[in-house]
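One chain comes next, on its own, written as structure tokens: the form predicted on its own.
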Amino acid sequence: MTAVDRWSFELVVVGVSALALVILTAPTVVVLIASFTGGQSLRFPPQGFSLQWYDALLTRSQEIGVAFRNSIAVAAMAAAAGTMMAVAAAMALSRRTTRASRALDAAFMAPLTLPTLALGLGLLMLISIAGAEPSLVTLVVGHTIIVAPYVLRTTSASLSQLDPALVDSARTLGAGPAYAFRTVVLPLIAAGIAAGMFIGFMASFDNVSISLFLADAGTDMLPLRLWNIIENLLDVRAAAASGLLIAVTGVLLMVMERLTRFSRQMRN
């Protein structure tokens, strides 16, 4: 490879990477800037700069506050339930290379590949066949299905790096399966579990499709509430809410990076 070929290749790689970075970050930057508008409608570029919409969001938006608390509660319950199921599944499937285990792994990961609209509609039909009505319980069940694949993948990655000799040594010294898991395995895979749980929580928190099909009339969810006020009013409070969520997510990412080396877990 000549120097010209090498420089041409590196130039293309850098150019495509820069374009990808712009595409990925531009929506976030635009909504952040628009949230500080001094105007009365959502538009870009903003008409002046003001904090009035953040003040309106925090002091005069009770319905958005209720929807926010509902979304936090549902995401927390789904994250807890999905983590328990996914960790058990990852333990059962780890280090198994049979055709059946690969099929089960694909089945667990299916919610990430299926269109969420189809998944939500399927869950709604299943609930109807069972004679139930959409409720908080069905909503949590639907969101649990979204969370579990993320935890399964990060936990499986952590288990694949675990030295089997450590567990064998614990068992040889008389530790039972549960004691060996709690004292040897769990501390070593905790970071992977936490990383998957965090991603699953965020995926559940801003999910629209599952909430659209499974939420009952009394359970207002934040993504649906924001969608409604944008669709009907172009309400700038939606941009202010997005700005706050971006800021909180950034802080949580830094906390997760410090506690679990989140970026390394994602690379694994």
Partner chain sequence: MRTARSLDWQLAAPLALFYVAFVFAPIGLLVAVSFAESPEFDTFSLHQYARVFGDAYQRGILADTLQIGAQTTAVTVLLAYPLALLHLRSGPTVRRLILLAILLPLLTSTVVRTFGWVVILGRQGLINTALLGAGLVEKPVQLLYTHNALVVALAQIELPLMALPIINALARIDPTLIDASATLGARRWRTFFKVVLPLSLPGLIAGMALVFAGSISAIITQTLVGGGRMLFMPYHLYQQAILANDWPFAAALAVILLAFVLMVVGSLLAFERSMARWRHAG
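Rigid core (definition): largest C-alpha set, two forms, superposition within 1.5 Å. Residue numbers count along the first chain shown, from 1. From a predicted model like this one, the values you see are computed outputs, not experimental measurements.
The discussion below concerns the form predicted together with its partner chain, not included here.
Engineer: Against its partner chain in the predicted complex, would residue 101 count as a contact residue? Criterion: heavy atoms within 4.5 Å.
Structural biologist: Contact with its partner chain, yes.
Engineer: Within 4.5 Å, heavy atoms only: does residue 217 come near its partner chain in the predicted complex?
Structural biologist: No, no contact at 4.5 Å.
Engineer: I'd like to know if residue 74 sits close to its partner chain in the predicted complex, meaning any non-hydrogen atom pair within 4.5 angstroms.
Structural biologist: Looking in the predicted complex, residue contacts with its partner chain do not include residue 74, since no heavy atom lies within 4.5 Å.
Engineer: Although its partner chain is absent from this view, report whether residue 183 comes within 4.5 Å of it in the predicted complex, heavy atoms only.
Structural biologist: Outside the cut-off, so no.
Engineer: What residues, if any, in 180-217 have a non-hydrogen atom within 4.5 angstroms of its partner chain in the predicted complex?
Structural biologist: Heavy-atom contacts within 4.5 Å come from 198, 199, 202, 206, 208, 212, 213.
Engineer: If the two forms are fitted on the core, does residue 131 show a Cα displacement reaching 2 angstroms between this form and the one not shown?
Structural biologist: Where the cores coincide, residue 131 still shows a C-alpha shift between this form and the one not shown that is 2 Å or more.
Engineer: Is there a C-alpha shift of 2 Å or more at residue 43 between this form and the one not shown once the rigid core is superposed?
Structural biologist: Residue 43: C-alpha displaced by 2 Å or more between this form and the one not shown.
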